[in-house]
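Shown here is one chain on its own, the form predicted alone, set out as structure tokens.
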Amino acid sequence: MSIVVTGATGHLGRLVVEQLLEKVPAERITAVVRTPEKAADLAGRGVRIAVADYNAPETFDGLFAAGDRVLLISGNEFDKGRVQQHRVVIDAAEAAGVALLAYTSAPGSLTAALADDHRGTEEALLASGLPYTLLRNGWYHENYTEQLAPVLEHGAVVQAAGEGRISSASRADYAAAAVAVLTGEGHENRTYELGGDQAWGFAEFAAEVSRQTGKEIDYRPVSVEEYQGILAGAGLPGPLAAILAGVDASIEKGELVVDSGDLSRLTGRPTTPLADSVAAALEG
């Protein structure tokens, strides 16, 4: 019986595997990857490596076993039909009779186009009859702290979120919640709305970056259309720029404020403050 993590060399997946190694023997962990070379370090620590691709259903044949607990980390190929990609994993898990399939979804309050694939995947998972856990992850601190170079260059945080607020948390926080579900009991057929303990707005984010760098950083709100153009001008594909600009519109409406407390309850500790992630990014 394994704990199986798909997308195991991605940003979130690697953190999940690292945290699992602190709780269970390595031989109980299976890391599903597309490029085994990227998981060489995990293999060296005793983690089983399975090579499979959401776009190749046959690669999942026989990958799962009865009793496995599986974490399906949502794909990031927005142009390749993510619901169908996720169905490949769900179908394979159903055929094997896994004990639990946990899925990293999006907050139930989110109406932006980004949420459509998550809702479709949730519907497919519930229709499968598998024991499930929906991990409705809110936004990550790192979505912003990993993009500080242009902020520092231009002295401005540019977003289309108005005065909207976000209950973000660190990737490590969301990884810890997944690990708690994969290693704990009583999470079958549960939905968790996950977000940081403290909501914040972009003016506060700009002020925090200013405080830590000693540079004057302003928040410059723009329209959704202008922001989409800025993202496209920075090289993002048009459809992805539209999706991200749409998320900002949802932020302005308060759709990424999550006040359930589920994340800190699952992990047993407060979520990581935004200031800590800013500091980590600046040090890195």
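Given the structure is predicted, the values throughout are model-derived calculations rather than measurements. The first residue of the shown sequence is 1; numbering continues from there.
Another form, the form predicted together with a small molecule, is not on view; read the next lines as being about it.
In the model of the complex, at least one heavy atom of Ile73 sits within 4.5 Å of the small molecule. Contact annotation for Asp53: at least one heavy atom lies within 4.5 Å of the small molecule in the model of the complex.
Under a 4.5 angstroms non-hydrogen atom cutoff, the small molecule in the model of the complex has Gly138 among its neighbouring residues. In the model of the complex, no heavy atom of Arg269 sits within 4.5 Å of the small molecule. Contact with the small molecule in the model of the complex, judged by any heavy atom within 4.5 Å, is made by just one of Gln84, Asn143, Gln212, Thr191: Asn143. The stretch among 8-16, 257-265, 270-278, 21-29 whose residues place heavy atoms within 4.5 Å of the small molecule in the model of the complex is 8-16.
Using a 4.5 Å heavy atom cutoff, none of Gln147, Glu225 and Lys253 lies near the small molecule in the model of the complex.
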